[in-house]
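A single chain, nothing else alongside it, follows as structure tokens in the form predicted alone.
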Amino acid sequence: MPKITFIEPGGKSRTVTGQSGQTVMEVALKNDIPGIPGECGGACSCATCHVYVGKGWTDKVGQADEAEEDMLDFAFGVRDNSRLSCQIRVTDELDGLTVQIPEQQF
């Protein structure tokens, strides 16, 4: 089962286990990770699950599609490595993935 490390804005990190097929947002919600409310439930219709993908992982998680890019326009502090965690599907290849939670979601 893939492990994902969530880094909070203050630097505290927490590593949890996800299941292949879940989204990174679902893993965060299931494990009560603070800072990822996921208000739309993963429908890619808000930006409340915005994360920064860790260095070395951007190619493995892939690029945002057009719908996700449009939603990222509503996020605060967007960077080149910004993604919506509801659009990152957990796979065995993402074991060790690190994502940072922005200081502000909305």
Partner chain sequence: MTSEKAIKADAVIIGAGPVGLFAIFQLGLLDIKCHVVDILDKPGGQCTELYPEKPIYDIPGFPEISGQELSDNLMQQAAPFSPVFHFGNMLESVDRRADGRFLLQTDRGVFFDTRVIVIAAGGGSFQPKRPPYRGIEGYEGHSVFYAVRQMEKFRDKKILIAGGGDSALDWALNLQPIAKKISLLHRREEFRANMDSVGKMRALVETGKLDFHIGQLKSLNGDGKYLSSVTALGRDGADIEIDCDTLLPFFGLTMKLGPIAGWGLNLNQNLVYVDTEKFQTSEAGIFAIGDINSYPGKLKLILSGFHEAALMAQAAFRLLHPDERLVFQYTTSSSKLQKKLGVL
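Computed from a predicted model, the values in this text were never measured in an experiment. Positions refer to the first chain, counted from 1.
Although not depicted, the form predicted in complex with its partner chain is the subject of the following passage.
Just to confirm, M71 within 4.5 Å of its partner chain in the predicted complex by heavy atoms? Output for M71 is yes: heavy atoms within 4.5 Å of its partner chain.
Taking 4.5 angstroms as the cut-off for heavy atoms, does T58 touch its partner chain in the predicted complex? Output for T58 is no: heavy atoms all beyond 4.5 Å of its partner chain.
Considering only heavy atoms, tell me if V53 and its partner chain come within 4.5 Å of each other in the predicted complex. Close contact is absent here: in the predicted complex, V53 is far from its partner chain, nothing within 4.5 Å, heavy atoms only.
Its partner chain contact at Q100 in the predicted complex, heavy atom, 4.5 Å: Answer no; every heavy atom of Q100 is more than 4.5 Å from its partner chain in the predicted complex.
Each of A47, G77 and Q104 within 4.5 Å of its partner chain in the predicted complex, by any heavy atom, yes or no? Answer is yes for this spot.
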